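Just one chain is shown here, as structure tokens, and it is the form predicted on its own.
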């Protein structure tokens, strides 16, 4: 339904929410599908059709029953992207919301595919980019053929270090936030300490952590815990303190005691702030994780970057960065899924 309104003598139509929701036609979606696939197909064509002019050492690696070089692996990755986005497009065709997301991202995917093709030509085929600082995308994939088990070992070390700091940091942050938000005396004594210590970068505590803790691993866990603790504790306390008094009054009327008020009223009300704190803290945690691995850890992706940089193996540095981007994005995705599950009652109340 549309309503007509006049402003300064000029009529205009105000669309209702149902009318303003844009529907993606089949033709427009097919165009978006073609655009998405075209970029990566162009990258494949550039790799296959453009000759290898620059003198680049190409080594064969035995992967199971197959013999691959970094160029073959690059083509496999591009083909996998084509298949993934093709499957996503077919799956999205039958749902209007997924159609919108797929269509909206099509130009970006086109540019990514074309950029990969140009980068491959300049960085691998011609070596026009400054070497060894900017290797081509195919060269960046070579470490996964050279030392896959070693890279996996560094990934598991980083995940182990992150998991310890993540769990301890969240536990300490939520507990501190509850105590600060609920008990005025705790707020009086702890909040100033939280404010002062929270603005200090976690890596600044590294010399003290290495002295106080018996192993570099436990010192790194302590630094990651600090990153999580400050932000989560602050936002948890805000969520507890902002709980409307009427909620407590209603609960007391029904006979609720203090434990019920804390765990069934205050904490559920603070859940959005708690998850906001976790999301914000993760950004600082990833930075701290890489820095502590580069400054004293015997393993991890940061350690791998540092060791590769010493030998000017910058293609390995880029490979580790790619792994970090995928790994940290997956962690944030998992946290987002947990948040959407716990806070599913907000659907329809908060604009997505």
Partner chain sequence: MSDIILDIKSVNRTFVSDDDSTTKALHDVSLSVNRGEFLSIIGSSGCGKTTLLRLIAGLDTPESGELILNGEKIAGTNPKRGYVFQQGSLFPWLTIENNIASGLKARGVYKEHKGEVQQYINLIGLNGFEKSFPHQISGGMAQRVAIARALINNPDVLLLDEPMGALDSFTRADIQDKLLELWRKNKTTMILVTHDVDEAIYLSDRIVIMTPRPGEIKEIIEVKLPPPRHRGGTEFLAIRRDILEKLHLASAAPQPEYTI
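Remember, it's a predicted structure, so these values are computed and weren't measured experimentally. Positions refer to the first chain, counted from 1.
Form predicted in complex with the partner chain: not shown, discussed below.
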item: Non-hydrogen atom contact residue 264 with the partner chain in the predicted bound form at 4.5 angstroms; value: yes
item: Partner contact for residue 268 in the predicted bound form: the partner chain, 4.5 angstroms, heavy atom; value: yes
item: The partner chain contact at residue 255 in the predicted bound form, heavy atom, 4.5 Å; value: yes
item: Exercise: residue 101 in contact with the partner chain in the predicted bound form, heavy atom 4.5 Å; value: no
item: Full three-residue contact with the partner chain in the predicted bound form, heavy atom 4.5 Å, for 246, 260 and 344; value: yes
item: Candidate stretches 217-225, 179-187, 107-115, 246-254, one within 4.5 Å of the partner chain in the predicted bound form by heavy atom; value: 246-254
item: Those residues of 120-147 which, in the predicted bound form, come within 4.5 Å of the partner chain by heavy atom; value: none
